[in-house]
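Only one chain is shown below, in structure tokens, and it's the form predicted on its own.
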């Protein structure tokens, strides 16, 4: 049955193999069971009355991939389509990312949600209040956008317009191209508080973006630092479990007792959030003391080893225990396990550990571990080197017009250059955490905001005010969300993953093209088309391919220079394998890593930098020096004594992604209200029980939530999933940004919890 519930659709699927709806979705979202359940379960969906297909209509299978997890892992979907209606979804065979998790299976509730935004809208009342809109045509929308942006450019210059991509990440290439055509150096993305800190730290150490690499057939041990793939990427967890079955040893670093810790870890290092840098230093010290490092690699291919060894010597197991709360014996056991089981690999994430004021140093120390063990670019270790010439969003430098950016002086005009020079050195995208300051100073006066969410930054009201104070802003989204869209001037409806083509899905040297399974509902248009058509309205018709997405993708492929066309991809429904040379190890020795063809790494010294020359040249400490979070139980700050609990936010749950999917009843049933998790010890001392209404507060503010008492959380720490507009945890986050990356301390604040 289909019924309206909480302004969203609730679909009762037929149960299979005796499963109830609750047990099915719980299993599909959870760890090991995800594979079996998601593969076997595909639901016939009953649509609203105006969306019914004829029962006798033929069924056609079409192929897509999911974006419910914010761009990755792009799990494959088979769509059963009747008369432009998807009536069934199932996991896609012959596809690298499979099976679907509960979010993918529930995606049809999002597609056919009656609350979807389906018509362009223009504000009719004052910003900052509950929105009133009038429906407009696309032609009118584009005319208003072109007029307003052009006027601001004429008066204040092109850099006064921000071009921003949030969720999904897929349109980044098109948005960056549009920004460059417009002449604006103010292109930004949500990576300014997400994955880019890890990429930057890997670049600083060995000259290449990385978030680690999952174990291969030859891997003997794996260090997992701050990732719970069981909940964030269930299909990836299946692969990690397979590695475990092959005999790979695992060390898991995480403040929580997650399925990764219970299902994989030979050693679990359960640390105090925000103390990662001390743990990493202690880990390196143990590798050195025990004589486990690769002496030959360190001698020939690294710089700064003596300085690093002298620095980490102070981080004895006993000192590390005092700082991190990890027992000294367990640290020794973990370092021994990794150091004696070569080759090893490293897995990190964009959440949790990245969100602290020391991330620019601590993550560098973590990436030094595989280097010290000689595990770079060897079988079973961390692979390096050129793959297909696409970036994270399946775009290319040529398509994004980075040559124009570099030749026309964009870099020198960046608003973030003075505050975050390291960030600006590595990324063409602006670090957006100082958006309120840029708007207040008149540097940013307008914004094109695709999938933007004001709750993604610390101290949300400051960013809402910044959007509100822009002279003009247009948002592109699936839904109207008051916490962001009450502050914009125009709202445009975006097509969802089943209704759009761009962008490509990349798996190694294999490329998949997503072709729309159905036409967009209402007047929704895919993101790439909207951005290209805005470009046309601004006068860049030829450069924006007259708004033709297929032509843009063909041009993108041409800039990759790999001999592949869009026609090739359309003719390869099971993916297109791009020919290439067989994998080669130790490419740093043969000159196949560096752009100049010389042996070594893409760093200023040509070596793995244990002391960063880039940072030293920009006035920062070159060593990965550990500093306590600004607000810490170990700092002698009298004002913080009223907040004895470490506030860890931003971790994932199996059924939501950031602030998405809260309206889908299949998923909402598992966490219908905002929850704060705390340990039995901390709950007992406060007289709290599961289900109690509580207040979580600190010097920043207060939010109301529901308590969940669990051994998953260590004493002295609380864990809060972010993204609830009813209880926005970023109201409790300070704006103490890491000076290297600009990242906020989402994972290392302080708070108190009391019964409401």
Ligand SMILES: Nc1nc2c(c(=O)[nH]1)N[C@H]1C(S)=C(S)[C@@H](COP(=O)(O)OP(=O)(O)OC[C@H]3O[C@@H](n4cnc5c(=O)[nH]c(N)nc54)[C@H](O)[C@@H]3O)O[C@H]1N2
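Quantities reported herein were computed from a predicted structural model and do not represent experimental measurements. Positions refer to the first chain, counted from 1.
The following text describes the form predicted in complex with the named molecule, which does not appear among the structures shown.
Indicate whether the named molecule has at least one heavy atom within 4.5 Å of a heavy atom of residue 414 in the model of the complex. No, residue 414 stays farther than 4.5 Å from the named molecule in the model of the complex.
Residue 63: touches the named molecule in the model of the complex, heavy atom cutoff 4.5 angstroms: Output for residue 63 is no: heavy atoms all beyond 4.5 Å of the named molecule.
Answer yes if any heavy atom of residue 227 is within 4.5 Å of a heavy atom of the named molecule in the model of the complex; otherwise answer no. Answer yes; at least one heavy atom of residue 227 falls within 4.5 Å of the named molecule in the model of the complex.
Within a 4.5 Å heavy atom cut-off, is residue 658 in contact with the named molecule in the model of the complex? Heavy-atom contact with the named molecule at 4.5 Å: present for residue 658.
Tell me which stretch of 120-128, 642-650, 682-690, 337-345 has a heavy atom within 4.5 angstroms of the named molecule in the model of the complex. Careful reading of the contacts points to 642-650.
Can you work out which of 219, 324, 395, 453 has a heavy atom no more than 4.5 Å from the named molecule in the model of the complex? It is 453 that has a heavy atom within 4.5 Å of the partner.
Counting non-hydrogen atoms within 4.5 angstroms of the named molecule in the model of the complex, say which of 315, 231, 199, 626 makes the cut. So the residue touching the named molecule in the model of the complex, by this definition, is 231.
Within 610-642, which residues come within 4.5 Å of the named molecule in the model of the complex, counting heavy atoms only? Heavy-atom contacts to the named molecule in the model of the complex: nothing from 610-642.
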